[in-house]
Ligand code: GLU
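Listed next as structure tokens is one chain, alone, in the form predicted on its own.
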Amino acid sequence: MIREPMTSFCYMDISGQVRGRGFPTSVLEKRLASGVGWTPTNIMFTPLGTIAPSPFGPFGDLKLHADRNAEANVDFGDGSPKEHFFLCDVFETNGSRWDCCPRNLLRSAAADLKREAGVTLRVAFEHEFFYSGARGRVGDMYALDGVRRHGAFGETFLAALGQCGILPDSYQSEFGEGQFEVSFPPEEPLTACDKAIILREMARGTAWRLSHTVSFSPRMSPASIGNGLHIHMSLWDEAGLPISHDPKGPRGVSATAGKFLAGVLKYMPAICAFTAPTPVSYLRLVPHMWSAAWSSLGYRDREAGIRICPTFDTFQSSTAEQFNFEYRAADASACPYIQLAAIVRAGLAGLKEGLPTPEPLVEQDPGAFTDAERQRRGIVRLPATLGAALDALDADATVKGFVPPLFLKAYLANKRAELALSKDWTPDEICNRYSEVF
């Protein structure tokens, strides 16, 4: 058969899906200059296959303009079509940036953090997913045999990532049967999110070519282990020096980082609507599941909302360069640009408000993990449902100000529509539906 190679211009929308338009690769240079047309209401698609009530209706036109630095161009070498797409910014037809463009939400937040506080972030995403072709068995947790039994998937997946310029930091069998984890080194925020999206698509593309599927859904069944998306962050000054660590600070946290983290924790109940944005998210965010159910700062604590991560003397980099924090109330049902924009805005608010460093919870503290002690320290239970998270967002004037009014209106309408569709579903049905979507 004669084939005409294709390229797509894409973006990730509110529903956490990569959407866009394709065209013959032969006209790529023309499309790189002109962009491709798009429609405002397209951002109102829910992950459940419906269109939420749209503030745009049938009106308006937009353009997707590709970022040449956010390209996936992968030949799997099996005779299948190449995976070739660019991630895009969304513009008005007059050339101005659209208020609802997810990439620009993050770009603006990162720029304001640098301009107003002199701080930049380095970010790394740690993904967990289930692979249907794993041929797993009971007892495969972190096992060498877990990787062996999933056949060619791992090496093929890593090779695809390599063609996209993504060099993973780790790849391993995880706790769940057929579950795996992959992470990559820290990047500046926009690049980190681009790589997170490309990573998910390469996992899906690899599995499809092996006649299997992957799912990044937060919960595959009510009884199974969940898939987290852990967002690692470190703070750096404008000279490129690390500023997260102070050996004299509480558990090594510097005063600047303490203010940033305090802002994230203060606003975490409301920003959960952005970082854990689906009904299935809240089947994972429950106590005693190694997820994150509390707005706490924990020292190496895998149930904290934010974990202070360990450093290692054997690494070539210094303690200050390694020192980082892990935001844990997140999953891959969210758009990473929106997730990170909300976190950055909350951290910037903490810096501007001069909030004190939260007292880290440590294992040795007597009673530190009781509800009474958490309440004494001002730690709150994070929302237990998507509805509660959306209500927390709607009630928090500060967090609502983190995004443009038009985007907020579209986001709340989209998520309320998704919630209404799923309101009568059992936990099993929620897990089944979302395991297919993500």
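This one's a predicted model, so the numbers in the text were calculated from it and none came from an experiment. Throughout, we count residues from 1 along the sequence that is shown.
The form predicted together with ligand GLU is left out here; the points below concern that form.
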{"item": "Close approach of residue 230 to ligand GLU in the model of the complex, 4.5 Å, heavy atom", "value": "yes"}
{"item": "4.5 Å heavy atom contact, residue 289 and ligand GLU in the model of the complex", "value": "yes"}
{"item": "4.5 Å heavy atom contact, residue 284 and ligand GLU in the model of the complex", "value": "yes"}
{"item": "Interface membership of residue 103, ligand GLU in the model of the complex, 4.5 Å heavy atom rule", "value": "no"}
{"item": "Heavy atom contact within 4.5 Å of ligand GLU in the model of the complex, the stretch among 173-181, 261-269, 107-115, 152-160", "value": "173-181"}
{"item": "Contact assignment for ligand GLU in the model of the complex, among 336, 298, 226, 277, heavy atom within 4.5 Å", "value": "226"}
{"item": "Of 83, 99, 128, 187, the one that lies within 4.5 Å of ligand GLU in the model of the complex (heavy atoms)", "value": "128"}
